[in-house]
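Next comes just one chain, in structure tokens: the form predicted alone.
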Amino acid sequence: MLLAQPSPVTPLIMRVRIAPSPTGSVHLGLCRTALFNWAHARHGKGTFVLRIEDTDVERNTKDSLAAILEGLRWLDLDWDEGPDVGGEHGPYFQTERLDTYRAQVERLQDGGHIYRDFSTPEEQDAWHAEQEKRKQRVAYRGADRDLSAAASKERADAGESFAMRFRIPEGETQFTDLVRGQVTLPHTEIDDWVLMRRGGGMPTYNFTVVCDDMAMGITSVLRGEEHLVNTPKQLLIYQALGAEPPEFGHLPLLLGKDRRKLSKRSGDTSLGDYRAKGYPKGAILNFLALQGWALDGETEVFSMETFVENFDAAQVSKGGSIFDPDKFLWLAGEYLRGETPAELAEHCLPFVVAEGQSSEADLRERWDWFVQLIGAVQERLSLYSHAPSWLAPYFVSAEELIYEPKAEKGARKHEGTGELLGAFGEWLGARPTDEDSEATSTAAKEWLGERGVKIGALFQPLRCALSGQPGGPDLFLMIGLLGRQEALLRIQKLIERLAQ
């Protein structure tokens, strides 16, 4: 019996979707695909749909699903329809749409587009082994392709296990790719692929995605280059069901510096890895936007508003995009330096707390001081996670301060360092307690000039005394952040160490 086809949504506006599988971590490739689809929808004043492809029930996990939803939300890639916001075209989980797939299977079967394949996995493995032996690539055509409908039904009714395969016709498929232009793929390279797994199992990806996109009125699909081989299969399904297909665009692969597909071998690949390292959200989005797209060939730092306004799938690169971690880190630093000290303090706070340097309650109580402290090291940070190492000297006492070897070596290279530090300590202790850092700095340089001492002779060991580090913010700002008394204790500690 030929079942009526469910009426597809009439696409009055652009409808774009992202359809991840909850089977692992949130890969940067998924984030890039989501970003480009989101930008495509927002640029075209369309609808962005999130759908979960969860028919791989053995590999699906609740943790993966939660990570996908939370990760995309954190990136501000908001969706208009989806599993947690609803919509008119749900449900948005494939496992809740099985009746729809069964109905379409009957339509395809009645139209002669699919057939039962009773061959066993062992028989299929033997066929593939024979092809490999001959070094031939011949598209697989199921052994039962030419069974009569009556004979096929008789074997199924007798209880034989079978898969449902799509009958690939002769010829070729041509389509216009939003990214690549005209694409032609001959059918001799396409197997009669499994549409429904053996034993009444779950439907497969190439079938469910077409059913879902039809039912949800999807008009545009941007996805990774690896899906290019799936497009003819899906277009043939649309043709068999008499439906209008969406536009397809295939994004370039993300490649490591070795020009192989980005993987753990090339470095971190998941969104969670980069969040844990303290990469700012804006830098992650900006960097992903540059993986296959460019604003003008020169501008590399831009907002998502600018990205959406200028996004055009036709301008996406066809070649693979090289994932450059050094450029990513540079971009992260640009975003950190663009934040206000208060914003940066909020973002660095969790990393300082996680390092055990202070509690959130203590930092909130001393918030103005913490903001000033973050502002003092802002130019030296590339990631939020870098803050604890630069701030460490401010959360320990003089007795606990550790000198980095490079800093101590620099302090010891000057003659008479101990005496000079002692004299400076006496001078500093006599200064007005309410004097600001700029005034103290000016006065200190005058004091050095009167003594005929070069600035470096004092400032290098003084930095070691105050922070134990070879570099850092303005020395007199550091004195203000530490407090006059603590600064004097640290100066005295280094004097005693140099005398040993």
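The first residue of the sequence shown is number 1, and the count goes up from there. As the structure is a prediction and not an experimental result, all values here were calculated from the model.
Keep in mind that the form predicted together with a small molecule is missing from the display, and what follows is about it.
*Asks:* Counting non-hydrogen atoms within 4.5 angstroms of the small molecule in the predicted bound form, say which of His227, Arg165, His386, Arg180 makes the cut.
*Replies:* If I apply the 4.5 Å criterion carefully, the residue I get is His227.
*Asks:* Answer with one of Arg97, Arg107, Arg223, His89: the residue that has a non-hydrogen atom within 4.5 Å of the small molecule in the predicted bound form.
*Replies:* Contact with the small molecule in the predicted bound form is made by Arg223 alone.
*Asks:* Hey, of 204-212, 142-150, 410-418, 235-243, which bit sits against the small molecule in the predicted bound form at 4.5 Å between non-hydrogen atoms?
*Replies:* Selected range: 204-212.
*Asks:* Check Ala19 for me: does it contact the small molecule in the predicted bound form (non-hydrogen atoms, 4.5 angstroms)?
*Replies:* Yes, Ala19 sits close enough to the small molecule in the predicted bound form that at least one of its heavy atoms falls within 4.5 Å.
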